[in-house]
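For reference, the chain that follows is the form predicted alone, supplied as structure tokens.
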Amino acid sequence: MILDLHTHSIKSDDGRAKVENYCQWIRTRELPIDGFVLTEHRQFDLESDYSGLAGEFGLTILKGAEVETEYGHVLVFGVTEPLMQEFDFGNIHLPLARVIEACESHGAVPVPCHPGRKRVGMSAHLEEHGVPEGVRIVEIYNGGSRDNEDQVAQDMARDLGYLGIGGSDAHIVSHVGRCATRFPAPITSEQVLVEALNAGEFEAVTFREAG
């Protein structure tokens, strides 16, 4: 099963894609993905229910979040209401250690995203802050990466022993599915996604020409 683990809808401040339009694009373009995870900026979208769209289009639609720390941006999978009480998702100066600690306490998985990117990527902050404890997975394929940003991410993952995921970081419909993550078994819920990530049962893949 192949999921795009990093997408943004109009729920994000700079997102311009409706979830239904993502579904339509995936099906009409016959993209090689089975679904996607909505990781809205600085929030977890508790209110939206996409089960109807998922059923209509035969896709898996899950939800996560993207938060901001001193090491750059971090995807969070397996968000629950108790986790949301642990730190302010809207705070743009979150301590990464606090995010990791809270995720571990509540069964969620934190994943630094686009870590090869300047300013908002983890690699840009290692010299100042050192190697953080508790990171196990980073995003090594990002559909919005430029120049050698993905290579920087891959080199960092190799050097520090991290596993790697892929996500499109789509903010517009035509970017969905550029990068994704392959799982050996179906991912049917956020909890199953967390279990697969914790088990290391995945592989980052890229389809940069898919759109």
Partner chain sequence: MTVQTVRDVEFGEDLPVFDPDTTLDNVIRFTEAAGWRGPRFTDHEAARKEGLPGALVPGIMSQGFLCAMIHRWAPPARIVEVDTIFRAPVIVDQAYHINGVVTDIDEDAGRVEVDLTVTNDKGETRVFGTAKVDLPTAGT
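Residue numbers count along the first chain shown, from 1. Keep in mind the model is a prediction, meaning the values are calculated, not measured.
This next part talks about the form predicted in complex with the partner chain, which is not shown.
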With the partner chain left out of view, choose which of Ala54, Ile172, Leu160, Leu163 has a non-hydrogen atom within 4.5 angstroms of it in the predicted complex. Ile172
Picking from 23-31, 180-188, 151-159, 44-52, which part of the chain touches the partner chain in the predicted complex when contact means heavy atoms within 4.5 Å? 23-31
Going by a heavy atom distance of 4.5 Å, is Lys11 a contact of the partner chain in the predicted complex? no
Residue by residue through 72-106, which ones have a non-hydrogen atom no more than 4.5 angstroms from the partner chain in the predicted complex? none
